[in-house]
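The chain below stands alone and is given in structure tokens; this is the form predicted on its own.
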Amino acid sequence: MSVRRALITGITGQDGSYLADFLLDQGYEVHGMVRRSSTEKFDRIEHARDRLILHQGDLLDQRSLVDTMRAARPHEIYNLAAMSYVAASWVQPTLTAEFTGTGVTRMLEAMRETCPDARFYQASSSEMFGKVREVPQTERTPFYPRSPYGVAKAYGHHITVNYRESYGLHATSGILFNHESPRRGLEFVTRKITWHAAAIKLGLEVKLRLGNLEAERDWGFAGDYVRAMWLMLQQDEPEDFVIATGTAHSVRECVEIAFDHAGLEVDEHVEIDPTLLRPAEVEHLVGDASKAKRILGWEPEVGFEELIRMMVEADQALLKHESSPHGVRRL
């Protein structure tokens, strides 16, 4: 049997790097698409660089997507690239629409032209639910996005369904709820919390400033969630799946666990900053992944408290290896 080939857009991100590790362990030939950019960072995949085949491409450039797919000849395509930070989508709403929304159409068109028999995974998001219509949210819950990011993700989701039904493509969307890890970007609230807990413990910071402590999310471990992506593309028939833990936790709970792990008092170090509040807040997201459990046999393995403590440990180790406090990135 020939080696399976997979193409991952967004391979340098949190999910892309975990998925690359997973697929390499499964014996895949893994191709990644990266942008020609001076800011592209490869630290998350550095440990596997010699086992990956990287191509230059951009979701804004149709020709580059066609060229990448022709070079990679993938059996499976995982579209994980996007403008992925919700807060930034308010600052760059039209660019978010181009990358996170229209970029999906470009990917599907390139696939239709070069490798229509491949299997396509689209990274949809729980942010599409936004102002939730029911709790918990399932594959049938209507979308009511509350940010340019959520709106763009809803477009990407629906265009994937349209290409599946119109052209017979094996195209699947995974509606993933929040998933975190030590590889999470520093701009995301969970990593911001765990990094500051570690930095305050080591005397590198004094305060952590946050917005809405009562906002709740269904948080899981990214390593568990990339396994679900792969399982979706192993099914004979393409379907969409919610991937979640089924339990919501507040930002406050995340802070309490992180600071407890670091041996710190929350009240002494955490301040509320009104400028960090979103223009339209999503208050309560919690997913029902029973369909994924029933059809894919998928369940999360890492619990919320274990995840946050893992992230604090990783950030403490990271900061201890910084050459000096002056080299520490501050948020």
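Just so it is clear, the structure is predicted and the values come from calculations on it, not from any experiment. For every residue, the number given is its place in the sequence shown, counted from 1.
The same protein also exists as the form predicted together with a small molecule; that form is not shown, yet it is the one meant from here on.
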As a check of understanding, the residue in Ile159, Leu80, Ala228, Val242 with any heavy atom within 4.5 Å of the small molecule in the predicted complex should be identified as Leu80
Among Phe99, Phe221, Tyr163, Phe259, just one has a heavy atom within 4.5 Å of the small molecule in the predicted complex, namely Phe99
The stretch from 130 to 138, 172 to 180, 231 to 239, 110 to 118 that lies within 4.5 Å of the small molecule in the predicted complex, judged by heavy atoms, is 172 to 180
Check your understanding: Taking heavy atoms and a 4.5 Å cut-off, does Tyr149 contact the small molecule in the predicted complex?
Key -> yes
Checklist line | 4.5 Å heavy atom contact, Met311 and the small molecule in the predicted complex | finding: no
Should Val270 be counted as a contact of the small molecule in the predicted complex, where contact means heavy atoms within 4.5 Å? no
(request) Mark Ile11 yes when one of its heavy atoms lies within 4.5 Å of a heavy atom of the small molecule in the predicted complex, and no otherwise. (result) yes
